[in-house]
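Just the one chain here, the form predicted alone, laid out as C-alpha cells.
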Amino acid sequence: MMAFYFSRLVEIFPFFLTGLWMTTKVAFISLITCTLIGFILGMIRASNNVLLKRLVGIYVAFARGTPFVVQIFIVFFIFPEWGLQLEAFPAALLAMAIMGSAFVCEIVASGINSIPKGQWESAASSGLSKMQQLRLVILPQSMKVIVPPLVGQYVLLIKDTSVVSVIGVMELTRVGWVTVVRIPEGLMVFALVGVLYFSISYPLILLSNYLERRMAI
C-alpha cells in the first residue's frame, strides 16, 4: 500500500512544484515589500518625531501582537465590508506586508538606535542634512547590526506563507491538504511539503549564519 501511495505521489509531484512556485512568488514579493516599508517605518521609529513614532508604534504593536491568521482574515473578510475587495493572492500579499514590515521596522529601528549619538553629531557638524546624515553615515554603519537578523526574519516570513492557505491561495501547504484527500498518507505528503519548504529556506539560513560571522569580524 505504501508503494502505491508513493507512486501516486510521484505522479502528482508537478502539482507540488506549482505550489512551490506560488510559495516562492508570495515570499519574493512579500520580502521586497516588507523590506521597503519596514525600512521607511524603521527610520520613522528611530526619529525624534514623537507623534509619528507613536503612530508607528501602534501599528507595530498590532502587527506583532495579533496572530497572522487573524490579520489575513481581516484583510480578506473584513476589508470588503469597508469597500476594499481583494482576491486571495493580493490579500495574501497585503497581509504579509502588514505583518512582515512591522518586524523589519523593529530590526531597522534597533540598528539605527545602536549607533552612538556622537556619529549623528559628527555628521551634523559636517553640514549634512538630517536625511543625508541617515543615508550617508548612520545607515551604512547600522547595517552591521541590521543585516543578520533581517535575513533571519526573511526565513520566518517564508515559513509564514503557509498561513495564506487559509484563504485559498494554492501554495505548498494548500497543495498538501488537497493531496491528502487523494492520498490518505499524511506523513508522506507533508514530509514532502516540509522538504520543499526547507529547500527554499535553507539557503537563507546559511546566508544568515555567514553574515553573522562576517559582520562579527
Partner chain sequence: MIEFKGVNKWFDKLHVLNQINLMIPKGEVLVICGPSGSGKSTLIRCINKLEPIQKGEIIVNEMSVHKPTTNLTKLRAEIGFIFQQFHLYPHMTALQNIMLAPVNVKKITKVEAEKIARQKLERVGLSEKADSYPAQLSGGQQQRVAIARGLAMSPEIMLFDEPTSALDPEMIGEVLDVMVSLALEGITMCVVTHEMGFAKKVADRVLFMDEGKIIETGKPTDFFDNPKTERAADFISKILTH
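As the structure is a computational prediction, the values presented were derived from the model and not from experiment. Positions refer to the first chain, counted from 1.
Note that the form predicted in complex with its partner chain isn't included here; everything after this is about it.
Look at 97-105, 84-92, 69-77, 131-139: in the model of the complex, residues with non-hydrogen atoms within 4.5 angstroms of its partner chain sit in 131-139. Taking the partner from elsewhere, A123 is found to have a heavy atom lying within 4.5 Å of its partner chain in the model of the complex. Contact check for N113: no non-hydrogen atom falls within 4.5 Å of its partner chain in the model of the complex.
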